[in-house]
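A single chain, nothing else alongside it, follows as structure tokens in the form predicted alone.
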């Protein structure tokens, strides 16, 4: 299991780094094998920062990320390569992941030299072809091609095939279809669903609620670096409780409505009084939560929501 426990990330900003910018605050959730968890939020909410911490591309400021019980932050030296055998990432812009002067299949030769140097070339070719077919790519159509000769969807699936060669257990998919056209998106989503069925755990990072609803079992809504609502996808989308979640759901375009018909529905949601406020240790005082204080309240089985009275200047916590 991949688990995040009150993970935070801060940066030093301002003159001489005299101020602290807390980009991710006390984020906690788990990803089980064979499960897709959607991490959803607007641009700047901290989604990619969370993904990069899982992939050890950014250090954790506070909290812990554990993989099968082992603290990821303690993985050093040669053990990092072992970690990447099991946890890999694919990012938003497929073209930036390739060197345009090399053929696209060079990503496979790099994996071979780093992880499988003793595997005979003939056996390696068979493994590559099997991996490509597992992501619905025809080896003859993509091997020996330059990146500009392939579509964005083909390049993304090449990267997933590269990850599968390592027999990974978890994939961080960070906005991997946001730059693809609509006809290609469904192919990549269905590919991820197929990989999930084979036991792969996926952290699906997106700003698009409809995509998260399509593919994930559980959903985590992130706002300004803090989880404001999470739980089973059907409950988060079926009975959204936090005003931010309700506003996100209301903003999803609907084919059967024109913009002028739904413009009124996109007005700011009246938060009123938060019914969960008194459940928080922070209620009525200005403080940042201690590590053992909750930031979410259980509203039903597998459905948690953050207090939105704390989302104010009165308390220095966005939750």
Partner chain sequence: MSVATKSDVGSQEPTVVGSPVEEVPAGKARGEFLYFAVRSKKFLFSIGVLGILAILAIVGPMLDSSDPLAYNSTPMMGPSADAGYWLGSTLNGQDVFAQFANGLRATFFVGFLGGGIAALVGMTIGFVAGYKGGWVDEMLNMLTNIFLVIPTLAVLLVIASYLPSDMRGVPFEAIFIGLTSWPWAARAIRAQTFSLRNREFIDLARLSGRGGWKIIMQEIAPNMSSYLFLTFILLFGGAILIGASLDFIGLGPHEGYTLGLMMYESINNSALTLGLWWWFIPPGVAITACVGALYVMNVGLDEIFNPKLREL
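Residue numbers count along the first chain shown, from 1. Please read these numbers as outputs of a predicted model, since none were measured by experiment.
Absent from the display: the form predicted together with its partner chain. The rest refers to it.
**Student:** Give a yes/no on whether residue 148 approaches its partner chain to within 4.5 Å in the predicted complex, heavy atoms considered.
**Tutor:** So residue 148 counts as contacting its partner chain.
**Student:** Taking heavy atoms and a 4.5 Å cut-off, does residue 70 contact its partner chain in the predicted complex?
**Tutor:** No, residue 70 sits far enough from its partner chain in the predicted complex that none of its heavy atoms falls within 4.5 Å.
**Student:** Is residue 159 part of the interface with its partner chain in the predicted complex - any heavy atom within 4.5 Å?
**Tutor:** Residue 159: contacts its partner chain in the predicted complex.
**Student:** Heavy atoms within 4.5 Å of its partner chain in the predicted complex: does residue 101 have any?
**Tutor:** Contact with its partner chain, yes.
**Student:** In the predicted complex, does each residue in the set 81, 95 and 113 place a non-hydrogen atom within 4.5 angstroms of its partner chain?
**Tutor:** Every listed residue reaches its partner chain in the predicted complex, so yes.
**Student:** Within 4.5 angstroms, counting heavy atoms, which one of the listed stretches 223-231, 122-130, 198-206, 103-111 is next to its partner chain in the predicted complex?
**Tutor:** Stretch with heavy atoms near the partner: 103-111.
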